[in-house]
Ligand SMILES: Cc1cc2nc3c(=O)[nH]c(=O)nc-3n(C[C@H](O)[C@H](O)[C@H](O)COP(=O)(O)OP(=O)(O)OC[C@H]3O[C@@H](n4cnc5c(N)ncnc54)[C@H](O)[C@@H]3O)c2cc1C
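Listed next as structure tokens is one chain, alone, in the form predicted alone.
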Amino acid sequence: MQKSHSEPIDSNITSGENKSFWVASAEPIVFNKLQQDIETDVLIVGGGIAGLTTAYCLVKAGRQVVLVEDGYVGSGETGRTTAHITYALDDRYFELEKIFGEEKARLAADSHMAALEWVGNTIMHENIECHFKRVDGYLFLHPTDKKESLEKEYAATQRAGLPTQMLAQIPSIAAEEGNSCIQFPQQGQFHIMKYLKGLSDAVIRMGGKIYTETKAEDITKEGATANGFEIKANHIVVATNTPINDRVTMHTKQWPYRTYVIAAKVPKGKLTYSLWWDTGDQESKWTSAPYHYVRLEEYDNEFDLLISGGEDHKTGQADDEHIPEEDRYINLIEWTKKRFPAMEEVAYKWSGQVMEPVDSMAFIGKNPGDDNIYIITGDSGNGMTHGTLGGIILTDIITGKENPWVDFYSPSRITLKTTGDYLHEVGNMVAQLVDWITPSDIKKAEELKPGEGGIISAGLKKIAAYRDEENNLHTCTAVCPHLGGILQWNAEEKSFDCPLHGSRFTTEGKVINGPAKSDLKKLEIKQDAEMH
């Protein structure tokens, strides 16, 4: 299994210790660092699928574009996806009808179908070699769900205009005999890093500029600073999934979840290339019912990779279910092996962070209160299509073109029918503040073995401590600089994660996920003193 136990996270490459198959199987996408003051029409912050799609669309529309990424292209959550490209949303269409009504549920379907078509057409037009395939997808019941849920979803997809079918059996899957499923024909999949490379090359070829290892800070309506230089812009797009502008209050409308992925070898020809999803655990304590999602990917001449994900939990709250992060993979392997017995060795494992909006749909458009700052966030488990839609919608807003989806995805929208879920999530957030007064997971730094981390209480202080493989102790404040949450140690990705809004930090305190903008403050402790 591809995993390093000795190297710290290189956040230029990816945001966790475990590298995804996509990152491990592609060359880093690197451009020059910004080294001078510049001016542009549009500044895009973030080099994932949302930022690159926006840059591509705007450059193609004749706009002057500069994109900056604080790591390398794809080093954020885009590089940790499973790359399903689908209009089978991770929230049910019959639930969207309850929240938005039938007409807007159809808008959701139309937009995601359009995003899928846009990706396929762009790959063909730009001749991007990224293993793109059109494949059928199958939605089947989680054991905790009822058959009527599938029937309601099928009826809702039909009302939304989707070409779905109800099947009596689930193709190519074991342990689900006699169970029906909804077939979503002609979905998509690709190798995300190879796709980003193709988009990047096209942006540069058409005159756009991309700077990597260039962190945007102090974002205002005039532009931003990066690497100590000034970037002036008429329009600013924040495409980081977790908006980094202090005046952005989107963290009150969406919630961070951690999701887990394994990639196991399976002999070629054993399985048909497809997408599979279950309907999610209806008994879960989490508002967003965790579900499983599976696909195949090309690997070598002998094997394909079976890529299976799930076992989600709120970021920094794995222990609330008494299932630590590392055990989530064990559960995922067991679930996958039962349904796909042809799977062999697990070659890769990784986790990613998903932002779940309170009403299931992404936030794309003008940042509330701003006229020329735009955001793309709230991927909701459909990052490939939501990120693509971000580029399409923002390009139309900036260029003054009519778009039927602008109001539907507006970050300023209010959906009153989600009040119950909102209050549940806020209650969960408030509950995390008790960590200020609860005992820490370790009492003294001497307990830490090389490669281990944890939270120590020292009087009124909370300390994030990590002992590296050379036995050096690294200590920082365990208080998130965003809104004061107490960080939790993630033993699997070797990071300190905030349970409030999903900010994450390396073992040495460097911020790798927002909304926090600054690193953790270094602290010194006496290693031989017991902490209380």
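Counting begins at 1, following the sequence as shown. Just so it is clear, the structure is predicted and the values come from calculations on it, not from any experiment.
The same protein also has a form predicted together with the ligand, omitted here; what follows describes it.
Engineer: Just to be sure I understand the contacts: of T315, T164, T81, S360, which is the one whose heavy atoms reach within 4.5 angstroms of the ligand in the predicted bound form?
Structural biologist: By the 4.5 Å criterion, the partner-contacting residue is T81.
Engineer: Which one of N367, T259, T157, S200 is close to the ligand in the predicted bound form, taking close to mean a heavy atom within 4.5 Å?
Structural biologist: By the 4.5 Å criterion, the partner-contacting residue is T259.
Engineer: Check I29 for me: does it contact the ligand in the predicted bound form (non-hydrogen atoms, 4.5 angstroms)?
Structural biologist: I29: no, not in contact with the ligand in the predicted bound form.
Engineer: With heavy atoms only and a cut-off of 4.5 Å, decide whether Y299 touches the ligand in the predicted bound form.
Structural biologist: No, no contact at 4.5 Å.
Engineer: Hey, in the predicted bound form, does L58 get a heavy atom within 4.5 angstroms of the ligand?
Structural biologist: L58 lies outside the contact set for the ligand.
Engineer: Quick one: does H235 come within 4.5 Å of the ligand in the predicted bound form, counting heavy atoms only?
Structural biologist: So H235 does not count as contacting the ligand.
Engineer: Are all three residues G16, S288 and E311 in contact with the ligand in the predicted bound form, where contact means a non-hydrogen atom within 4.5 Å?
Structural biologist: Judged in the predicted bound form, none of G16, S288 and E311 sits within 4.5 Å of the ligand.
Engineer: In the predicted bound form, which of the stretches 214 to 222, 96 to 104, 391 to 399, 146 to 154 has residues with heavy atoms within 4.5 Å of the ligand?
Structural biologist: Within 4.5 Å of the partner lies stretch 214 to 222.
Engineer: If you apply a 4.5 angstroms heavy atom cut-off, which residues in 42 to 65 are near the ligand in the predicted bound form?
Structural biologist: Residues within 4.5 Å: V45, G46, G47, G48, I49, A50, G51.
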